[in-house]
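A lone chain, given as structure tokens: the form predicted on its own.
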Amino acid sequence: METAFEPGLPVEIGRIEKELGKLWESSGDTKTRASLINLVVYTEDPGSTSADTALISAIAGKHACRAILIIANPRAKESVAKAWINAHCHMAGKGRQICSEQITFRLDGDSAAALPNIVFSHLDSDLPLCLWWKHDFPEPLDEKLWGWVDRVIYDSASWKNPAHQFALVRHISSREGNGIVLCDLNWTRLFPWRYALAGMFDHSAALPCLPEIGKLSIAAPPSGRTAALLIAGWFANRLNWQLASDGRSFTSAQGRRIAFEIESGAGAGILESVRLECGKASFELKLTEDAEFFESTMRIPGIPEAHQLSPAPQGRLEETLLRELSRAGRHALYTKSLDTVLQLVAR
């Protein structure tokens, strides 16, 4: 079905670069083209074209890029390829504007197989390539395409079959000579949770309780189950736990058994709460009902029960993407935690 929204000026695919040149020639001296990265967005949802274009415009205002938006429908009976060009301009002071280019492609049927060539033909120079894959990863993977990607962005919260998709992610990251950086938006949204959980053990009386953890309980809505597994994988990696043969508990390096459970919740956040039981001590971090604050509770024998409120970032998509596009390093903890996550989702 054809989308009613057209993201820019329709152009012939073979004339894209010439038409972009004309676009800048007609802008005079008030607009300056800028680009720090190539941002390729792949989606199979034509209904998201307007939202994706608006999001690209917002990103370009803070992180200049050449954006290539690809709307694919490989199951279409008819093979069709269309293209549009657009510029997102933002004021930079003294009447000047900084502008980023967007090229949008609609690839139906067999035209979708031309994805790698479409991408490679329209990259901006040798700038880094960030690929935001807004769909399940295909199989078999196109080795030519992934060989060019510097950072791949995806959201494990949207996967219908996390076990299979995590296995493909592991394959992408383990290719020989591959320097690709994995950027899971689900993991990025969990940063405030991981930061707040680690902060609970800054207290001098709390730190000795870490080796005594006997149970990890995570409450999450159905949409947050993968996020709960990522938190469990993070705990296992940081505390050197191994998943037990029953798949429902961990074993510490000292041989202590740590029970593990995911409780069903109905909240609006990706997680509702994380609770740790350490003998007679316990630690809990949960979202308030309005999801605007974390409430932490620390109960340790011999000291007063402690409660604390701290802001809980909302994790808007634009902010989450900008955080990924602005960072230069790798997600080392995520990659290390994947081994445990792969075992958990396979159970």
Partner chain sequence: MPTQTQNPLREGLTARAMPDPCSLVIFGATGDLTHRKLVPALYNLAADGALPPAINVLGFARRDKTDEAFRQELEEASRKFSRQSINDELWASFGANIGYHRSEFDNAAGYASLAKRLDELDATRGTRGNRLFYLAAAPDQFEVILDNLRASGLSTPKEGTWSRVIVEKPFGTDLPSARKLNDLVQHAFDESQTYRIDHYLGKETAQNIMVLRFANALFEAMWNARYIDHIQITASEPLGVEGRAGYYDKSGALRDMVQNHLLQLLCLTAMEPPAGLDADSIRDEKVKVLRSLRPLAGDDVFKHVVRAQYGAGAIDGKRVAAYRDELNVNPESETETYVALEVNVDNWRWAGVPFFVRVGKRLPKGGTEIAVHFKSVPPVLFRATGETIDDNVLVIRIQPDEGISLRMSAKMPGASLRIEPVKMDFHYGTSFGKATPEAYERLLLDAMSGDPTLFARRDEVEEAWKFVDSIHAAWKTRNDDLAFYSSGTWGPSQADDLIKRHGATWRRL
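Residue numbers count along the first chain shown, from 1. Nothing here was measured: the structure is a model prediction, and the numbers come from that model. For clarity, a rigid core is taken as the largest C-alpha set superposing within 1.5 Å between two forms.
Missing here is the form predicted in complex with the partner chain; even so, the following discussion is about that form.
May I ask you to state whether residue 9 is within 4.5 Å of the partner chain in the predicted complex, using heavy atom distances? Looking in the predicted complex, residue contacts with the partner chain do not include residue 9, since no heavy atom lies within 4.5 Å.
Verify the contact flag for residue 204: yes if a non-hydrogen atom of it lies within 4.5 Å of a non-hydrogen atom of the partner chain in the predicted complex, no if not. Close contact exists here: in the predicted complex, residue 204 approaches the partner chain to within 4.5 Å, heavy atoms only.
Would residue 13 count as touching the partner chain in the predicted complex under a 4.5 Å heavy atom rule? Residue 13 lies outside the contact set for the partner chain.
How about residue 279 - does it come within 4.5 Å of the partner chain in the predicted complex, if we only consider non-hydrogen atoms? No, no contact at 4.5 Å.
Check 45, 158 and 182: does every one of them have a heavy atom within 4.5 Å of the partner chain in the predicted complex? No: none of 45, 158 and 182 comes within 4.5 Å of the partner chain in the predicted complex.
Segment that reaches the partner chain in the predicted complex - one of 303-311, 66-74, 49-57, 279-287, heavy atoms within 4.5 Å: One stretch meets the cut-off, namely 303-311.
Listed residue that, although the partner chain is not shown, lies within 4.5 Å of it in the predicted complex (heavy atoms), from 225, 275, 82, 194: Result of the distance check: 194.
Have a look at 144, 248, 175, 96 for me and say which one sits with a heavy atom within 4.5 Å of the partner chain in the predicted complex. After the contact test, the surviving option is 96.
Determine the residues of 223-242 with a heavy atom within 4.5 Å of the partner chain in the predicted complex and present them in sequence order; the list may be empty. Going through 223-242 in order - heavy atoms within 4.5 Å of the partner chain in the predicted complex - the hits are 234, 235, 238, 239.
With both forms fit on the core, has residue 37 moved 2 Å or more by CA between the shown form and the other one? After core superposition, the C-alpha of residue 37 moves less than 2 Å between the shown form and the other one.
After superposing the rigid core, is the C-alpha displacement of residue 56 2 Å or more between the shown form and the other one? No, the C-alpha position differs by under 2 Å between the shown form and the other one.
On a core-based superposition, does residue 298 travel 2 Å or more at its Cα between the shown form and the other one? Yes, because once the rigid core is superposed, the C-alpha of residue 298 moves 2 Å or more between the shown form and the other one.
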